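Only one chain is shown below, in structure tokens, and it's the form predicted on its own.
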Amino acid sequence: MTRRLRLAVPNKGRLVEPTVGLLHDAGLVFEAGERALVARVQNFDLEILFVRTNDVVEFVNDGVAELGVTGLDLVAESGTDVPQIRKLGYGRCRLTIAVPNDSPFRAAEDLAGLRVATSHLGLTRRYFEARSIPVEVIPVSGAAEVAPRLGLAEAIVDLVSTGSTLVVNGLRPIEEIFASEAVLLANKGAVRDRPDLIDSIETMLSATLAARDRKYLMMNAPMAKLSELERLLPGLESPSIIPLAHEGMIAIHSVVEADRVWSLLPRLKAAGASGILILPIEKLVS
């Protein structure tokens, strides 16, 4: 008997809340307790494993879980070629070289012969080696920001999101090494042996993510204004046009990018649209 599909997700850190939120928004019904290690999805043949963020890649690569969600930086750090199904658009951050504000360093080349503290040993070493810059990479398990203050290193390489942590610790960025975000991974064997289930999960998550970035617009307008309104509404393919009871009037339905809606409304009204409705989209499969 084939066991349930397993999805490994982080149990702590910045990716937990958006990952659990995405799974719930996708329609998966499960309870994620604070100390839960496994959650059984009630409406899909899936179990969710809550593990350390750093262990997700290993779980997926070894086949303990068929799917996993973790940071792209940890995938690159691991050096494995585990298949990446899709980026998920949240948890965005940058692996960045940073130095004390009062230091003279302005570029990675200025660190030649010096010490760089980081928990991302593989990515950091590969970056400096590719640039032929000799540095001593100092491993730290966390709080790399304090390394210069403690005299452990002249620079750090760490994940930066807003940059506020650097500012608080008197540091400034000089170069970006790697851009990261959450990513959906799959085990090679699962991609080969259970493609339908893998595709189902990927479609479920992709449809949910696509819907978050778009709104559904409905409006009435004179038929004579259709060409002008169509130019303002670059939907997925073309807007839907529905004749109304009043002769010469139509209803126009279109999907638009969410961040364009408010700048678009005045132009739609000026072009003759009225009774405009803005609706959320739950799922969008394109």
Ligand code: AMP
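Sequential numbering from 1, following the sequence displayed. This structure is a prediction, so every number in the text was calculated from the model and none was measured.
The same protein also has a form predicted in complex with the named molecule, omitted here; what follows describes it.
Query - Residue (of Ala186, Ala153, Leu74, Leu205) lying close to the named molecule in the predicted complex, criterion heavy atoms within 4.5 Å - result: The residue in contact is Leu74.
Exercise. With the named molecule left out of view, choose which of Thr80, Ser132, Gln84, Ser161 has a non-hydrogen atom within 4.5 angstroms of it in the predicted complex.
Key: The residue in contact is Ser161.
* Just one stretch in 8-16, 271-279, 21-29, 258-266 has heavy atoms within 4.5 Å of the named molecule in the predicted complex, so which one is it? -> Heavy-atom contact with the partner occurs in 8-16.
Within a 4.5 Å heavy atom cut-off, is Pro148 in contact with the named molecule in the predicted complex? No - in the predicted complex, heavy atoms of Pro148 and the named molecule never come within 4.5 Å of each other.
Inset, instruction - Indicate whether Thr96 is a 4.5 Å heavy atom neighbour of the named molecule in the predicted complex. - result: No - in the predicted complex, heavy atoms of Thr96 and the named molecule never come within 4.5 Å of each other.
Is the gap between Ser180 and the named molecule in the predicted complex 4.5 Å or less for some heavy atom pair? So Ser180 counts as contacting the named molecule.
So, Arg92 and the named molecule: in the predicted complex, are they within 4.5 Å at any heavy atom pair? Although the named molecule is absent here, Arg92 would touch it in the predicted complex, with heavy atoms inside 4.5 Å.
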